[in-house]
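In structure tokens, the next block holds one chain alone, the form predicted on its own.
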């Protein structure tokens, strides 16, 4: 083994050792920190899985629409189904941390904006995190752009209030929010309290008349009807439109004719065509379900319902929401905690962020060093770095000016889409779909449409630039 490889292994070991040291020392200081460490180690697992399987939603749809490669779409559906199976067990036992989201056309529109942005940026929210762990400078710019956009967008008021429908304003003002929250002074506040909160909230199980915390509700309503059948339908469309032609050509070369049995064989071959992505999807799906189980178990152990109570107990109540809470989803989530990073910094610099709904009423802006979800995202970057170092795929990549522009623009759109849809490709689609939330599929429909538009625009732009360069060359 050469010195370079040994050096990378040492760096990987150092990262693991650093996270282990944090877990041990903080637990020794106060046992409540095990709650944050749980987030940390699940984030670490997510990072390793994402990097190992090159798991990125932007890559999935870009590869599908641009070159007809369905590998990543298949991997995503595998992980969603596996996550659904595990989370259904957790739900049936009554200890799930998941909560459904309001479902309406806003989810589709938000997904559309997010989908365009992730193609422009060259990575989704979770994909940009793991690529940052590989040393990709463009991915880091995407994360910064998403974070700054979100934290600024949620506090937009003034001129933007001219575009608030009267019905939104009236409904928001009637909610009786605390005086500290200036709900009538922000566009996003009135959008949330006056429109989104008025939309229906349910799961497929509840729509079918089941209770979520039953076998029938969890497995028949949410998993079978809400996840497996739609996922199989989506994969069937992918097979017919992108994989079938190639499979038929192979059969013809062998002198065979295409039959119904071959349809099933071709479909199955598409599903298992990438073992690496499938393995990553399997571990990712199981880990996501287990995190819900572990976090709820810790909440029961400590007698809490939100990490805000833990922060109060350890003497760090700065940045708590008006309800005494902080962002504490209990499962894998991306983008909200990154917005909190920037929101906390801006608050320290004098930008009042505690009077809007996003920070001041729901998520808070606690010290990043004591924010559970922050630990998860930072550990995700670390886990991806470890896997990249061990597989010799870590390399610092400085973005070009063009890539930087695309990264910032894409991050800007993803930031807006995330806040309008109350989540990104993970929280807005992956987690919701796996838990039988119709809003997840609505966001996903928009995200797929946005990715298609993004790919078409990107191709047009590339061809336009090449035409200009060729014209200059001819001169």
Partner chain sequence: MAIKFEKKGDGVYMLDCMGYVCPHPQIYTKKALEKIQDGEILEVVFDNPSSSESIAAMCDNSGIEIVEKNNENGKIIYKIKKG
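Only the largest set of C-alpha atoms that superpose within 1.5 Å between the two forms is called the rigid core. Computed from a predicted model, the values in this text were never measured in an experiment. Positions refer to the first chain, counted from 1.
Just so it is clear, the following notes concern the form predicted together with the partner chain, a form of the same protein that is not shown.
Think of it this way: in the predicted complex, the partner chain has a heavy atom of just one of 132, 274, 145, 321 within 4.5 Å, and the residue is 274. For the residues 87, 136, 79, 126, the 4.5 Å heavy atom test against the partner chain in the predicted complex is passed only by 136. Taking the partner from elsewhere, residue 200 is found to have every heavy atom lying beyond 4.5 Å of the partner chain in the predicted complex.
Taking the partner from the other structure, the partner chain in the predicted complex has no heavy atom within 4.5 Å of any heavy atom of residue 317.
Proximity of residue 452 to the partner chain in the predicted complex falls outside the 4.5 Å heavy atom cutoff. For the chain shown alone, residue 466 is a contact residue for the partner chain in the predicted complex, at least one non-hydrogen atom being within 4.5 angstroms. Contact here is defined as any heavy atom lying within 4.5 Å of the partner chain in the predicted complex, and by that definition each of 54, 70 and 122 is a contact residue. Stretch-level contact analysis of 288-296, 390-398, 94-102, 157-165 against the partner chain in the predicted complex, using heavy atoms and a 4.5 Å limit, identifies 390-398.
Within 4.5 angstroms of the partner chain in the predicted complex, the stretch 228-246 places a non-hydrogen atom from each of 242, 243, 246, taken in sequence order. Annotation: Cα of residue 24 displaced by less than 2 Å between this form and the one not shown, core superposition. Taking the rigid core as fixed, one finds a CA shift for residue 459 smaller than 2 Å between this form and the one not shown.
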